[in-house]
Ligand code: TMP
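A lone chain, given as C-alpha cells: the form predicted on its own.
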C-alpha cells in the first residue's frame, strides 16, 4: 500500500480506517456487482470496495472465474485512479487496502456508461462493418443505458433526457471529462507499451451533487493491446476463450501497478 500520491487529502476518518484490519471496518454489503462488492464502513463518508475473481461477459450470459483477477484489478485501478486524481480528475478512489480492497467515496451512480473508442473493435466493428483494429478518423464517444435486462442499449443525448437519467449540463460534463481522461490514459498506457483501444467509464453524484468518476479502470473495462505484438491483454481473452487470461491480467498489473 502506498501513501496515495494524487489521492484526495487524507481526512482523520480515512487515516483511522487505513490503520485498521479489513474485518474491523467492513460493514454490511450495500451493493453487489458482477465482480465487486461494496460495503459500509465504520465511517459514514467512506465505503469499502472489494474486487472479486468472478468474470462475466455478454451481459452476464457467460460466467467464470479468473485466478487472482481481483488482486490484479484492484491494484491496476488504484494506480490509474491515483494518476487521474493527480491530473485533476475527480474520482471516488481514496486508498488501496490490502490486495483486493479500496476505500472509496460513496456515490449515487448514474445508470449511464460512457464508452470511448480509439480504434474499431468489439460491437463497433460488428455494427459498422469495420475490421477489428481499423483506425478511426477520430475517436468516438458513445453512451449506453446500464441495464442487463435490456442488454445495455446504446443511447444518445435525446434518450438520456427522455429517460431523465441526467441533466443537459451533466451530459456536457460527462463528455468533457471523458475526453480529458481518454487523452490522459492513451499517453499513460503508451508509456507502458500498451494501446488503449476502447474503454468504459462510469460516474456518480457525490453528496454535494458533483459528478465523480467511479467504478474501476482495469482490463475488465478496457481493451488493451501490446503496442508491438498486438496481443490482447484484457477480458476479450475470457470472452472469446483465447486462453492465457490470468497471464494477460498479470502482465497489465506488471506494467501498471508493480510498485503500487
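All figures in this text were calculated on a predicted structure; none of them were measured in a lab. Positions refer to the first chain, counted from 1.
Omitted from view is the form predicted in complex with ligand TMP, to which the following refers.
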Answer key, ligand TMP contact in the predicted complex at 4.5 Å (heavy atoms) among 83, 144, 179, 130: the residue is 144
Though ligand TMP is not shown, can you say which of 175, 152, 99, 134 has a heavy atom within 4.5 Å of it in the predicted complex?
152
Segment that reaches ligand TMP in the predicted complex - one of 163-171, 75-83, 108-116, 88-96, heavy atoms within 4.5 Å:
108-116
Please tell me whether any heavy atom belonging to residue 121 falls inside 4.5 Å of a heavy atom of ligand TMP, as the geometry stands in the predicted complex.
yes
Can you tell me if residue 50 lies within 4.5 angstroms of ligand TMP in the predicted complex, counting non-hydrogen atoms only?
no
Just to confirm, residue 222 within 4.5 Å of ligand TMP in the predicted complex by heavy atoms?
yes
is_contact(residue 232, ligand TMP) in the predicted complex, heavy atom dist at most 4.5 Å
no
